[in-house]
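Here you get one chain, nothing else, as structure tokens; it is the form predicted on its own.
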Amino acid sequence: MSHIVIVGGGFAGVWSAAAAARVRGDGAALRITVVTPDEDLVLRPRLHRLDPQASRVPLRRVLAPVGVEHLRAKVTEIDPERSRVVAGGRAVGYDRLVLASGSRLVRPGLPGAERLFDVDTAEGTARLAARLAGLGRFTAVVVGAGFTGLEVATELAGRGDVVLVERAGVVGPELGPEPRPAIESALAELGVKVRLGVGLSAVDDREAVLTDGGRVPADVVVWTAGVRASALTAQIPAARDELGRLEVDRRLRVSGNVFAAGDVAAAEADAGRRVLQCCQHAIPMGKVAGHNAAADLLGLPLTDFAPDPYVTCLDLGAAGAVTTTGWDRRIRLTGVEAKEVKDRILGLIHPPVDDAKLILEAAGTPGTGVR
């Protein structure tokens, strides 16, 4: 019996598995296994709201109904020459591999780095939430004014005093100029203090030390500055980009019997641009990679990755949100209306559970995640 192994239990991994199961149908002799040590799919776009339990979906409720096995183990080795992975100390052979092991926060090597908090994982978010719960009114320093940093800072502003630190000379440097006035207005409305052109140089239990020598009293320091693809990509002999992502073709094939999806894949989106490490791209990439891995084994047509037009929806806490369209990020909505869109999106990214028919139907439709 042919075997598809999917490494990773995030958006890309789960939807790869469901899409492969959809192609398999009822009669094909095709085994599908998701390998991840995690018990849950974590809805990472929800983590900035600091309710990690509401961001967890048990994998068994998505995988088991569609006949996908779940091996709870960490993959430590990928051996493309022998077509196997090593997980939990045992070798698992594959006929097709989908690498969907996601990304990791790049943590800094600075004095006191072990004191930093993050919202990169459900566990990290739970640690931050527990710390804040015991403080009452607090002062938080959020490092990085990119997408995640802005969402965390504006969420925390409803609960304490927040200082947002950014090395660049503007907030949201990668978000472009058009949404910036709306973002700056929201930060001012919420009382978030912004320090631009500086970074973090050290942390202790009372303050954050900045690169310009400034010291900011802080009960917590939250690090949000940058992510890289899973280190497993280095075990596959293929070209990688500056984020460590594997170069893939339009069918998300790396080479031979290896496909990649989500934050580990440098796929082309449109107009010569590559996908971002976000659920808007991870969900449809997972569906395409899983479909193609199964179709390749069953002698069926493969499909090209063709994502929906790029959009963003940035949560700005009590100040609402801002939604944009296109790579130039033209503003579509702001304030309460945009917040309603964000809330709908955070509902839509939750996969169907327990119902094989609904899960398989969803696996054949375009992704609805937006980031």
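Note that residue numbering begins at 1 and tracks the sequence as displayed. Source: prediction; values computed, not measured.
Quick note: we don't show the form predicted in complex with a small molecule, though the next part is all about it.
Within 4.5 Å of some heavy atom of the small molecule in the model of the complex lies at least one heavy atom of Gly102.
Using a 4.5 Å cutoff between non-hydrogen atoms, Glu151 counts as a contact of the small molecule in the model of the complex. Proximity of Cys279 to the small molecule in the model of the complex falls within the 4.5 Å heavy atom cutoff. When the small molecule is considered in the model of the complex, Ala20 lies well away from it, no heavy atom lying within 4.5 Å. Only one of Leu232, Ala266, Ala269, Ala225 comes within 4.5 Å of the small molecule in the model of the complex through a heavy atom, and that residue is Leu232. Of the residues given (Leu316, Ile32, Leu63, Val35), Val35 alone sits with a heavy atom within 4.5 Å of the small molecule in the model of the complex. The candidate spot formed by Arg44, Ala73 and Val119 is fully in contact with the small molecule in the model of the complex: every one of the three has a heavy atom within 4.5 Å. In short, of 241 to 249, 280 to 288, 183 to 191, 162 to 170 it is 280 to 288 that has heavy atoms within 4.5 Å of the small molecule in the model of the complex.
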